[in-house]
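Only one chain is shown below, in structure tokens, and it's the form predicted alone.
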Amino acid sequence: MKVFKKLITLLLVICLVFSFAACNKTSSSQLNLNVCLSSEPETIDPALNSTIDAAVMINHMFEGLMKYKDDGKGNATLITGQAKSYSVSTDGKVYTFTLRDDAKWSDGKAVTAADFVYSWQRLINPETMANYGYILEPVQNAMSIMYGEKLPEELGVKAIDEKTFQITLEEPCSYFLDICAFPATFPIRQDIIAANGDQWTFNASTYIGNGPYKMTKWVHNSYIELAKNENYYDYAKLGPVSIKFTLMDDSNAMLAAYNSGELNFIQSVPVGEIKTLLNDKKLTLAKSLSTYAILFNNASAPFDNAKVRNAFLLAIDRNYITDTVLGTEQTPASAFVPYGIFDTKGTKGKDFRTVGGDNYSVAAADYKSNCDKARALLKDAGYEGGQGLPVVEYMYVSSSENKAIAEALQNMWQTELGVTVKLVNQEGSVYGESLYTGAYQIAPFYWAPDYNDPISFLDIWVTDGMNNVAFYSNAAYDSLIQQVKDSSKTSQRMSLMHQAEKILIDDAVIAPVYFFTQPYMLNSDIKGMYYSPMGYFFFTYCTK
């Protein structure tokens, strides 16, 4: 009897151990990921969005013809998405995509070629007022439609049948597949838009996507919560049970939430904590293809004067900002296009920035002479020693990084140029509106490329360009950019783009400050996140 009791006891212990182990295994695989990218997005309509943070969210709830996949090393590489295959005509002008048979919307309806036709026509339609409508510029008739000369229905896209979407380009485009993975080109549902109008994005019940996750809840100014999309073709391999995008703009609060375990991922930390976090190996610095610059409102005095703009450009101590203010291994920017950008995707030639060199000196030893030139320019403009120049307003969006840079710039311009600079802090959603309506004088500008080609940095500054928030206009510049787009020869494109960038900097349309690194913090027990140096983080297949 005692032996029997011992056996029973031993069996119970074994069962409890296995039960406990099973619970631990289940809890570790049932990952509920909580990440923080930024505050409340201005929009999560794929066609209307123009920010990286919202694009990351959209990438989890929608999918284009192409998508980004982990290359096994945490880097994003381009593969087919909603398309199972595609072909390209011998002249490089016609792309024919065959959609997946199992491509579905989150409500179970099939994704069709007609969905893409509607979405692309909506994007290019001037009435949509999409800042990224021009992303379809390579497509036949796109520009004529944007200028109101043709109807959206005349765009070079058509549904051959339910699962075949065909696109005709004006000329061959080396980066066109990258465009097919860009969020603005993702499909959306015509019936949803027709029934709900602009309000379709605000409610989980009407925010119907075709991506790996679906919105389940949006508590505005607090969080957006996602769950696995059971109708997604790769559902069985998806990672987190849920992804919660917590909406915050205070980096101190973000770090505190991360340290307490409330957040699993953040990409913004207080400037004063950077050195310690790097030394403790808690902060990761990823490669980025982005540039941080200062915008001048070229259409408004006193920054309608190129001499004034150039004076402000030269008086920036970029080394002080990168080394002392920030300290996250950024590179002082001596032009607008950063290192790592090539003429065409896959080109084995030299880096665009390496070939182009410096448009002005960023050497610490040359800062004094730069300031001497700046003061001379300001004098030539009629504002010697800053006299007569009205108080200049510098607008920036809330973050410890932007605030620290703003204060440093304020001091530099006041000390070296004798001007009075007033700092104005705005919320993210208001800030974007101010830029696009021209309700600012100077403001920071962050630009990540839409694809790896210099033209993605340069074509935004053409006259009346949808993202030309500097309100710059120069016929010679416009002509060069058009020649780039009309040319298929790599060497010719490179030469033309270098000429265009030189005009951009000579005119001081913007003042580049530094080339980015992308800092982030991710819990060490979470695996499978991958990243594109164009600024996209992917949490789709994360595990714990």
Partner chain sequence: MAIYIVKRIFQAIIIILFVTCITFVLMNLIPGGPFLSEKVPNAEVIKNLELKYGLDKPVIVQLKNYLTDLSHGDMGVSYKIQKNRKVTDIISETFPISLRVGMIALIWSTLAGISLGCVSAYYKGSRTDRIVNFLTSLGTAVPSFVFATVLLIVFCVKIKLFPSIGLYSVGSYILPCFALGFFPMCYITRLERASMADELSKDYIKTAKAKGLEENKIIFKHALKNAIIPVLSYLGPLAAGILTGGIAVESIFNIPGLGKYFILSITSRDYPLIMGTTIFFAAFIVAMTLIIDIVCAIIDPRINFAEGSKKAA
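Computed from a predicted model, the values in this text were never measured in an experiment. Positions refer to the first chain, counted from 1. Think of the rigid core as the biggest set of C-alphas that the two forms share within 1.5 Å after superposition.
One more form of this protein exists, namely the form predicted in complex with its partner chain; it is left out here, but the text below deals with it.
Colleague: Exactly one of 440, 471, 134, 303 has a non-hydrogen atom within 4.5 Å of its partner chain in the predicted bound form; which residue is it?
Modeller: So the residue touching its partner chain in the predicted bound form, by this definition, is 134.
Colleague: May I ask you to choose, among 401, 459, 178, 249, the residue with a heavy atom within 4.5 Å of its partner chain in the predicted bound form?
Modeller: It is 249.
Colleague: Does its partner chain come within 4.5 Å of a heavy atom in each of 427, 430 and 436 in the predicted bound form?
Modeller: Yes, because 427, 430 and 436 each have a heavy atom that approaches its partner chain to within 4.5 Å in the predicted bound form.
Colleague: Quick one: is residue 127 in contact with its partner chain in the predicted bound form, heavy atoms, 4.5 Å cut-off?
Modeller: Yes - in the predicted bound form, heavy atoms of residue 127 and its partner chain come within 4.5 Å of each other.
Colleague: Taking heavy atoms and a 4.5 Å cut-off, does residue 416 contact its partner chain in the predicted bound form?
Modeller: Taking the distances in the predicted bound form, the answer for residue 416 is no, it never comes within 4.5 Å of its partner chain.
Colleague: Should residue 199 be classed as touching its partner chain in the predicted bound form when contacts are defined as heavy atoms within 4.5 Å?
Modeller: Answer yes; at least one heavy atom of residue 199 falls within 4.5 Å of its partner chain in the predicted bound form.
Colleague: Using a 4.5 angstroms cut-off on non-hydrogen atoms, would residue 260 count as touching its partner chain in the predicted bound form?
Modeller: Contact check for residue 260: yes, within 4.5 Å of its partner chain in the predicted bound form.
Colleague: Out of the stretches listed (188-196, 99-107, 119-127, 314-322), which one is close to its partner chain in the predicted bound form, meaning heavy atoms within 4.5 Å?
Modeller: Single hit among the candidates: 119-127.
Colleague: Can you name the residues of 432-470 that have a non-hydrogen atom within 4.5 angstroms of its partner chain in the predicted bound form?
Modeller: The stretch touches the partner through 432, 433, 436, 446, 447, 448, 450, 466, 467.
Colleague: Quick one: core overlaid, is residue 437 moving 2 Å or more at the Cα between this form and the one not shown?
Modeller: The answer is yes; the displacement is at least 2 Å.
Colleague: Note yes or no: does the Cα of residue 266 move by 2 Å or more between this form and the one not shown after the core is superposed?
Modeller: Superposed on the core, residue 266 moves its C-alpha less than 2 Å between this form and the one not shown.
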